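The form predicted on its own is given below as one chain in structure tokens.
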């Protein structure tokens, strides 16, 4: 399918500008009215191609909510008047942590640490821009501090892999990966703090997490709050404790980007290099599953791999973690999906009974993930597959609009006229801009 690239870029740039709120961006109107952590990383990447000032302000606004312990929260509530989202800042109650940001208010958990590789991309886009270089030097220690938080507070076994205690931290809220861990949680409605979710009144409920899943999300939020969101009780008590393949791959990728930038900017990176050496070793040894021919997550409660093939393990390509043989197996899998008439890359194993091509992270295509997989495939020399991943996303956007995520079955796409989730979505726009510019 041929695309009008100039038209796509123009539309994408307008979406990013329209989603600006002061000096930060929202993912989309109505559904996500605040600033989200990894969303803003991709937004900055998109702005870097046509508005350097906005690219810088996006990350500066995000890090204005960084906690004293280094955590960059997954939501920054720049407005305390906006009441169309649950859970809002008051439900999180982060004032329980003395080092939490109080202005702006924030959530109490984090998200995939994309900021290191985003910063490197911004510098690559503008290698001689003094403003970008000065910004890189100023935010560099803040990004390092955010990685330090993960290794200090979220590396239970000191093996170089960090854990998440809430599915929202993974960025893949309702992935089937979490089903077994979440099923351990027995909900007593009488003890659960009353709440009223709002996402399923704005978006199609069939595309959103179920109510049973949401009850467990709130349960884990409460566990975090009781432990001030960084206490040792989280690792000791949480029934959900996972070394996630995606968040660790992105951490490894961002570590390497910081090491690269440190060389360029004459900044000492010894601490990061020590983290990186251990993380790479343990990721490779602990998370590869030969039967699946992919990397997996690891459940620290049951002390076993989470044996599902999904986008997190595939994202290891982006961090250049696989050896050549492993990378070939992942590439072969992606090509098999292509030949079976799937757009690639679905977020979950299409052959699993848990696959759902419409419901959030249980099978649809996600734009920012295609961006990462595209980059990873190119790093290993799989240019043909990378071109397919890129073309698939551009075709979906051209046909179905700049939505949050997309149907992965080509037979279904032929029968619909719009994508899923939020409309005029920021990271979809940014992914399209960068993919087209870097052709």
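Residue numbers count along the first chain shown, from 1. Treat the numbers as computed from the prediction; the structure is a model and nothing was measured.
Here the subject shifts to the form predicted in complex with alpha-D-glucopyranose, a form of this protein not shown in this document.
> Taking 24, 57 and 77 as a possible spot, do all three reach alpha-D-glucopyranose in the model of the complex with a heavy atom inside 4.5 Å?
Answer is no for this spot.
> Tell me which of 299-307, 226-234, 328-336, 165-173 has residues with heavy atoms within 4.5 angstroms of alpha-D-glucopyranose in the model of the complex?
In the other structure, the partner sits against 165-173.
> Would you classify residue 425 as touching alpha-D-glucopyranose in the model of the complex, given a 4.5 Å non-hydrogen atom cut-off?
Answer yes; at least one heavy atom of residue 425 falls within 4.5 Å of alpha-D-glucopyranose in the model of the complex.
> If we define contact as a non-hydrogen atom of the residue within 4.5 angstroms of the partner, is residue 67 a contact of alpha-D-glucopyranose in the model of the complex?
Because no heavy atom of residue 67 falls inside 4.5 Å of alpha-D-glucopyranose in the model of the complex, the answer is no.
> Taking 4.5 angstroms as the cut-off for heavy atoms, does residue 404 touch alpha-D-glucopyranose in the model of the complex?
Within the cut-off, so yes.
> Residue 371 versus alpha-D-glucopyranose, in the model of the complex: is there a non-hydrogen atom within 4.5 Å?
No.
> Only one of 254, 238, 111, 347 comes within 4.5 Å of alpha-D-glucopyranose in the model of the complex by heavy atoms, so just point that one out.
The residue from 254, 238, 111, 347 that makes the contact is 111.
> May I ask you to choose, among 360, 92, 178, 117, the residue with a heavy atom within 4.5 Å of alpha-D-glucopyranose in the model of the complex?
Of the candidates 360, 92, 178, 117, 360 is the one lying within 4.5 Å of alpha-D-glucopyranose in the model of the complex.
> Going through 21-54, which residues have a heavy atom within 4.5 Å of alpha-D-glucopyranose in the model of the complex? Please give them in sequence order.
The stretch touches the partner through 27, 32, 36, 38, 39.
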